[in-house]
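Below, in structure tokens: the form predicted alone, a single chain.
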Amino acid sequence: MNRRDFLKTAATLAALGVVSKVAGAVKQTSAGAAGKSGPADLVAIRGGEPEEMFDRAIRELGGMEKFVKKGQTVLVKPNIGWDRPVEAAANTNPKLVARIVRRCKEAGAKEVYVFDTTCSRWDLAYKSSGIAEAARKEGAIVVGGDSASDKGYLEKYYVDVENPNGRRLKKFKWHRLVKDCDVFINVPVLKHHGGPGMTSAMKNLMGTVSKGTQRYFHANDLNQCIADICAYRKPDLNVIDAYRVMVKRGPRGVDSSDVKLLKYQLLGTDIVALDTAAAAVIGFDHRRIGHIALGEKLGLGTRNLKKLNIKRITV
């Protein structure tokens, strides 16, 4: 990281109330809760376990009842892309997914679904990540996500949609759960990615399309396609898991040296702002993550965190 990039990252970290001694390593946050008066636009919380951080942070956004009403159908969309254990930080933390499912049920959700279009074989990824077991224990309906080897699954679960707001992604195959749910909760893991540079809230929506559409992304301006999919339907709530963070050799990772224990979570509705903040947490310059700026150009949110009411919490 050169001096200009370091200063830009430091400025974004300062907006979050975070001091970083070295790039990519969060060392300190402001004590207690801080921010402007009124409802929070973005919550940045660190220092606790995934469940307690979520419970504390969602209260700052008005509680789960603000997002989920009685009788609604909810889709919780984690990253379950890889046949890797929890410690590898390749997938969303299962404890966080389970707690979100529980709070949705308590808020009166009729059904809570969990799914991802995976990179590894879906049954292996769902098991080794721990997400399928954890979600089912809380009453979620876990739906498989591998369409490539099963044409029947593709025809049953994916639908063709037109995307008038897309610049490059004009049409694609989209999972019915995302199309039909009342509430869409996006729960990515924050990590390095060798393609677009970073996986977080925006990139996680690639797991809502068919594998054929994913191949189109990679062949037709990946960053623009990521922004385009977010323009079709923005999640109602984004919860970024930065408990264990893969800071290099993503998206799958190689060994434990790729992972840092940051114990961080970011919550909010502005997907661009959240990814801007996430880039600072992992120690990346958000200007080098192309889809973030492209999302702002499409009107999906802001990269200027100073405009937002950010609640900063240390557990």
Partner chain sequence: MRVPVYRSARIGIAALSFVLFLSATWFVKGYEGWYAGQIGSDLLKIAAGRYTLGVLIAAAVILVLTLLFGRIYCSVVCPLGILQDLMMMFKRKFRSQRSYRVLRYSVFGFVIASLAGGFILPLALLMPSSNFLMVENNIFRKVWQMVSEQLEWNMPNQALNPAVSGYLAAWGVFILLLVLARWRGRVYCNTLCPVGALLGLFARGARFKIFMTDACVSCGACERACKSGCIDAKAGTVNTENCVMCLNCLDKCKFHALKFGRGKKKVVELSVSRRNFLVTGGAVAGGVATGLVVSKFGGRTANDKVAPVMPPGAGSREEFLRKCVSCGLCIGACKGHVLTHSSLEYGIGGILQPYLNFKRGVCEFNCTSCMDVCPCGALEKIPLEEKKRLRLGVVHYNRSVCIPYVDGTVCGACSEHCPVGALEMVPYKATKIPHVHTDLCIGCGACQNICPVTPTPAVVVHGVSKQFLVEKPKQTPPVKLKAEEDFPF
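From a predicted model like this one, the values you see are computed outputs, not experimental measurements. Positions refer to the first chain, counted from 1.
As for the form predicted in complex with its partner chain, it is not shown, yet the points below apply to it.
Asker: Is it the case that Y243, even though its partner is missing from this view, gets within 4.5 Å of its partner chain in the predicted bound form, heavy atoms only?
Answerer: Looking in the predicted bound form, residue contacts with its partner chain do not include Y243, since no heavy atom lies within 4.5 Å.
Asker: Are any of the heavy atoms in I141 no more than 4.5 Å from a heavy atom of its partner chain in the predicted bound form?
Answerer: Judged by the heavy-atom cut-off of 4.5 Å, I141 is well away from its partner chain in the predicted bound form.
Asker: Does any part of E106 reach within 4.5 Å of its partner chain in the predicted bound form? Heavy atoms only, please.
Answerer: No, E106 stays farther than 4.5 Å from its partner chain in the predicted bound form.
Asker: Mark H286 yes when one of its heavy atoms lies within 4.5 Å of a heavy atom of its partner chain in the predicted bound form, and no otherwise.
Answerer: The answer is no: H286 has no heavy atom within 4.5 Å of its partner chain.
Asker: Ok, F184, Y113, Y232, Y157: which has a heavy atom sitting within 4.5 Å of its partner chain in the predicted bound form?
Answerer: Of the candidates F184, Y113, Y232, Y157, Y157 is the one lying within 4.5 Å of its partner chain in the predicted bound form.
Asker: In the predicted bound form, does each of C119, L124 and A277 have a heavy atom within 4.5 Å of its partner chain?
Answerer: Yes, each of C119, L124 and A277 comes within 4.5 Å of its partner chain in the predicted bound form.
Asker: Given the stretches 130-138, 96-104, 82-90, 233-241, which is the single one in contact with its partner chain in the predicted bound form, using a heavy atom cutoff of 4.5 Å?
Answerer: Contact-bearing stretch, as computed: 82-90.
Asker: Can you tell me which residues in 220-250 come within 4.5 angstroms of its partner chain in the predicted bound form, by heavy atoms?
Answerer: Residues within 4.5 Å: D221, L222, N223, V247, K248, R249.
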